[in-house]
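A lone chain, given as structure tokens: the form predicted alone.
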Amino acid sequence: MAILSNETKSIFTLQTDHSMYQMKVDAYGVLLHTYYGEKGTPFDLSYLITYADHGFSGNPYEAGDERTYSLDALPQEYPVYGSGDYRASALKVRYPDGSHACELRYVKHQLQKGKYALPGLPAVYAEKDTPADTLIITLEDTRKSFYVHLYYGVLEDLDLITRSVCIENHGEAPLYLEQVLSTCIDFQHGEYHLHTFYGRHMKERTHQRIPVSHGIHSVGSSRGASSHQHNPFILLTSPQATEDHGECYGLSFLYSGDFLALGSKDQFSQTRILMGIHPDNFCYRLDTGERFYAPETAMAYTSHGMAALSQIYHRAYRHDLCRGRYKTARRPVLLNSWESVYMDFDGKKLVEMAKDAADLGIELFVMDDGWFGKRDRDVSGLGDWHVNEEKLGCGLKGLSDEIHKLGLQFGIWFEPECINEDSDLYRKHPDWVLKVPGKAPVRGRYQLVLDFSREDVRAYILKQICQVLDSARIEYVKWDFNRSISDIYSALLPPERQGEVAHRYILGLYDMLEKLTARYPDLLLEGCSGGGGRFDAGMLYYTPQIWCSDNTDAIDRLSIQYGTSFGYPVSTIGAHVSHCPNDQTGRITPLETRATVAMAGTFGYELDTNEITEEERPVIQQQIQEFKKYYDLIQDGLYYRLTDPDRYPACHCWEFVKPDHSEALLCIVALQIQPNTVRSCIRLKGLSPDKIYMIEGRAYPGSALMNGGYLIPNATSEYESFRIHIIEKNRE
């Protein structure tokens, strides 16, 4: 069984194929955390908890003179503010009298078959062939005002445990939730490293590894989106952990708004990890009888290194988080117009590009920003989602029909959440934006943000989008969001509820995406926020792929896609071949190298096909055919990071391996070329040591390739790349 409940000892043990998680209700009704790690005999591991009389660590009143019992030192499943635990807490509640002190005690629990779902929020689900169980533990505050329902989902085969929290007010007066984090894990023993992924616009998800030290190290976002600056995915590993060895814990937050993740070491060298909604822009009024559901955290553990941990998330998110037709169906190879022509186009120009795209073997043509309203620059038009037929020289249906006659699918770009002041919609409804009364708003990209916490605003925008999608044959939509949120204030909410706006905004976004995907189930929806500003597991529930970064430079993308791969599958990483010199860096990179890097993602092109040389045409045609040939291997294979592009100067290497170990694709990009040197060697991974593999007509034992390695071809210039197919002998 995935969930074991020992009623006599009040012990709850959650088991996946390779991990185990345990909690225990103690004599005072406190839910203690006893273990998370390698799967073993479901024994009572509370013997690992130590009790001592610690100075300045207080004791619960019911403990009497038992000074060795202090919540300031004990490992807890859901610590709260004001309980005598002075460490970072998961929950902070303001009572009607203005006080915050709170204590929770166990009330009951229940077991359910299947994986729980969360109203209005994304969550991992269990496919028909995926066994799953749910445990709900109910705690109550000692003042008898509210319940805390702790949700645990156990997806045994996926090696995944999910967590969420529901706060239920059963008192006689409103409560204010000032902090509700979804997850806490306390580790009594051991030293750990915290891995986070920081960055900026066009340089997202740089891997950072630091020891967990005394004090608090936190990352997060209060920008209204998960952000370019930090990602809601972290790792906690043993100090010696590598890609292939060592204990690794993952926490992935399924939420697209403000978040907080922190790691701390307390006075007794115990480690606490917390993750949830960032409290900076959060204060939620909970009336009598109401419930508040916190977003889900997906947790994973392995003792076999970071590659194995990443593969847990890759498999789970590809098959049990992403939804719709394109969860597993092959995505079309696309051409996006943005870096080709930006907003300088008409219908004739687009059709000319599409003709060349069809000749190259491209399958989907995407018209990016500039097709609607008054939109020749990014200072006007947002909010007016009607086709600018004067600019296009035709209607949208006419353009779509021309594209489809060429054998291509057709897609368009939207930015539904934002608005320009120079738009008909803003002139009609200036109160529909997030704006503080009496204060000039902060602009971003010369645009403001619509109040998606309001149902009337969402309904209007959704109606406009649907009118466009219904007017022509459209198979793809890119959903963009090009600024951070500020001036968080809704004209509809009273003062005491303004702290809810940021969270209600995200719930509104999810509501709109749910309605859009339900109405157009075959639509390929790609998320975007200035590239990777909202690249998170919450968005993947609605958009099976996300534009990874606005930086399309192939060499910069090595680091960006490397960091992204720790928590997200290749199938979700939007990646294109763009023209050179690159628009962001000015770097000149070989066409083959740009394709090699883009193939570690959804793969497409972002260049003017009319400017492609005769020499480049057959190269691109071959690239597209090769990507289609290796599609399943790349998108659903086991992914291995063989080098770190920021720490290995010679070259960057990665590998895709078929789950049955019969086939692999080794990808190499040369970085620094040194004269008069020996060839580099890379050890492959994921092969079967007892099988014989063929590489360019030569046979190699799998053990030789993994233990001895493979000699990397000599590059004749910087940024040259190689794609090396490896296949089991007799399967060629």
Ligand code: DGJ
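Model, not experiment: these values are computed from the prediction. Start at 1 with the first residue shown and count on from there.
Although it is not shown, the form predicted together with the named molecule is what the next lines describe.
Contact with the named molecule in the predicted bound form, judged as any non-hydrogen atom within 4.5 angstroms, is confined among 252 to 260, 306 to 314, 513 to 521, 473 to 481 to 473 to 481. The named molecule in the predicted bound form is approached by residue 530, whose closest heavy atom lies within 4.5 angstroms of it. Of the heavy atoms in residue 547, some are within 4.5 Å of the named molecule in the predicted bound form.
In the predicted bound form, the named molecule sits beyond 4.5 Å of every heavy atom of residue 487. Shown alone here, residue 338 lies within 4.5 Å of the named molecule in the predicted bound form, counting heavy atoms only.
Contact check at 4.5 Å (heavy atoms) against the named molecule in the predicted bound form: none of 12, 105 and 140 pass. Though the named molecule is absent from this view, in the predicted bound form it lies within 4.5 Å of a heavy atom of just one residue from 214, 617, 445, 427, which is 445. This chain appears without its partner; in the predicted bound form, the one residue of 369, 290, 346, 402 with a heavy atom within 4.5 Å of the named molecule is 369. Contacts between 399 to 413 and the named molecule, taken as any heavy atom within 4.5 Å in the predicted bound form, involve only 413.
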